[in-house]
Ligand code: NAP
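In the form predicted alone, a lone chain appears below as structure tokens.
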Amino acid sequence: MNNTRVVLLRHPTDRATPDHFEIQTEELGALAPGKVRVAVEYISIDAGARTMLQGEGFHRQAVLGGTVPSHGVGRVLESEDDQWSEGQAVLGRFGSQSVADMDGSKIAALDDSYGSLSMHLGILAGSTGVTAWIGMREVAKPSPGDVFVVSAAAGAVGSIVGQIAKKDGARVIGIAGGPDKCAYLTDQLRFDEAIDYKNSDVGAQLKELAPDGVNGFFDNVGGDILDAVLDNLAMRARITICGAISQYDNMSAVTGPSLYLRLAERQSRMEGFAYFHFADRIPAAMEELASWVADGSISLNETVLDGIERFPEALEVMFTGGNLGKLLVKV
């Protein structure tokens, strides 16, 4: 049996492009005792993947010459661990490869009754749905009638955040790039308004759409968009920092907000988080997200690239805004 994997050749200093990677095929030997061999079906492409290629940083780092880290879902091909049997659906840090040999303790069983296993990398995933839920329930906490703004709103986390804010009774404004994404937000996800940051002035649009100011902001972008929202805060506004995709290509020179004094002027607060800081809340997040999936009250589009060899291309898609909803590689 062969395994095809994505190997990091060198650390990117700017945009991660396909020439930073190599696709290698290797023959697999016999499975070692205690190991489980998994046929990977889908790999998650997340904005944070870029920060794993730095050589050092907050997230787990890719090793030069090693398989690029990523989360995936798949099914057990073979097991030398009595806890696992052939055909079981599983989740794990399989890496960007077609077949993964894992310690049995490093994988988790999945409920495959929802349909495609890809859902466990989207709505039901830690880096996506659980992140959105915890950010909303534990940090942002919108109230009915709030004007609530979401950046990267047509992405995986932003899509879910906006839908939760609507459930909580907020008036939701999504910021996204291009008319198609904005139409997706208002027509399919039922956001109240959408701002096309590529073709309009975000600050001016916020002044028009939220004349009394923004009560809540869930930020996945940072940079100029964060400043535009800071300049349009209502009194006692709440800003939730989930990510800053505009900064990930140059983490050694992150540009901070220039209008942070608006927080003092308007008695507002800014708080960052990562979902694993709230480990005790993950079960509740999973339970409610699963109930919304079951009743059809929440949805998430998938953008899927076919073939493990397209992983480097998928990273480019992520950082050029080419995905709508969750971005995946189907192995």
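All figures in this text were calculated on a predicted structure; none of them were measured in a lab. The first residue of the sequence shown is number 1, and the count goes up from there.
The following text describes the form predicted together with the ligand, which does not appear among the structures shown.
Checked against the ligand in the predicted complex, the candidates 244, 99, 102, 117 yield a single residue with a heavy atom inside 4.5 Å, and that residue is 244. Though the ligand is absent from this view, in the predicted complex it lies within 4.5 Å of a heavy atom of just one residue from 110, 202, 170, 221, which is 221. At the 4.5 Å threshold, heavy atoms of residue 190 stay clear of the ligand in the predicted complex, well away from it. For residue 127, a non-hydrogen atom is located within 4.5 Å of the ligand in the predicted complex, even though that partner is not displayed.
Using a 4.5 angstroms threshold between heavy atoms, residue 157 counts as touching the ligand in the predicted complex.
Proximity of residue 177 to the ligand in the predicted complex: non-hydrogen atoms within 4.5 Å are present. Residues of just one listed stretch (289-297, 261-269, 274-282, 30-38) have heavy atoms within 4.5 Å of the ligand in the predicted complex: 274-282. Heavy atoms closer than or equal to 4.5 Å to the ligand in the predicted complex belong, across 304-331, to the residues 318, 319, 321, 323, 325, ordered by sequence position.
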